[in-house]
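The chain below stands alone, shown as structure tokens; this is the form predicted alone.
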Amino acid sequence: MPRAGLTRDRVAQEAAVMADEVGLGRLTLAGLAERLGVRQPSLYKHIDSIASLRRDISVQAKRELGEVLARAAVGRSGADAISAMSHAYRDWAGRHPARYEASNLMPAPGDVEDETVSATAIQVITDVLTAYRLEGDDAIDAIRAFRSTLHGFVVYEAAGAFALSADVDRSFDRLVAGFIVALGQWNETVPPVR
């Protein structure tokens, strides 16, 4: 029986949940239509294609991740905020693997909504880094390092690449602590330009 009240946002939300279950690359319109209890042509009232659906999942995922980071940082600053955001990032990525993958898709040129959502998520990190008095290129370098550090850990963890005997949570805590130490010396450790 068809579900009443389908909207573009509702279709994207259900697709995101389904993608987390089956994988972003295995998400199909036929499977989504079946899940929603509609015929596949009915989906085209709300989306243009699988590519546009993935774009909508990406925008939704970036918005969710930005909100997760903002909630983690509220009422905190400096090392406490960095630690809280790092753990929130890892937890969210682990619970939503396909959404996490989609959150790393770059906006198409001219996609203002996607560009805005992407910038908003980065702004949360930028705001937290103000405690370290980082500006300009120094702040950009720190943002890139923060995101790359967390992304690398999350991707390796999801792939099951941490098979050694040491506790993975302990390793993550040490990674975050090390990054926090580096932030405290960020302005003093400018590498030579090659």
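Position 1 is the first residue in the sequence shown; the rest follow in order. This one's a predicted model, so the numbers in the text were calculated from it and none came from an experiment.
This protein has a second form, the form predicted together with a further copy of the same chain, left out of what is shown; the following refers to that one.
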> How about residue 175: is it within 4.5 Å of a further copy of the same chain in the predicted bound form, going by heavy atoms?
Replying inline: yes
> How about residue 60: is it within 4.5 Å of a further copy of the same chain in the predicted bound form, going by heavy atoms?
Replying inline: no
>> Is residue 106 part of the interface with a further copy of the same chain in the predicted bound form - any heavy atom within 4.5 Å?
In response: yes
>> My question is simply whether residue 17 lines the interface with a further copy of the same chain in the predicted bound form - judged by any non-hydrogen atom within 4.5 Å.
In response: no
> Just one of 34, 141, 48, 127 has a heavy atom within 4.5 Å of a further copy of the same chain in the predicted bound form. Which one?
Replying inline: 141
> Exactly one stretch in 66 to 74, 24 to 32, 40 to 48, 130 to 138 has heavy atoms within 4.5 Å of a further copy of the same chain in the predicted bound form; which is it?
Replying inline: 130 to 138
> What residues, if any, in 87 to 107 have a non-hydrogen atom within 4.5 angstroms of a further copy of the same chain in the predicted bound form?
Replying inline: 87, 89, 100, 104, 106
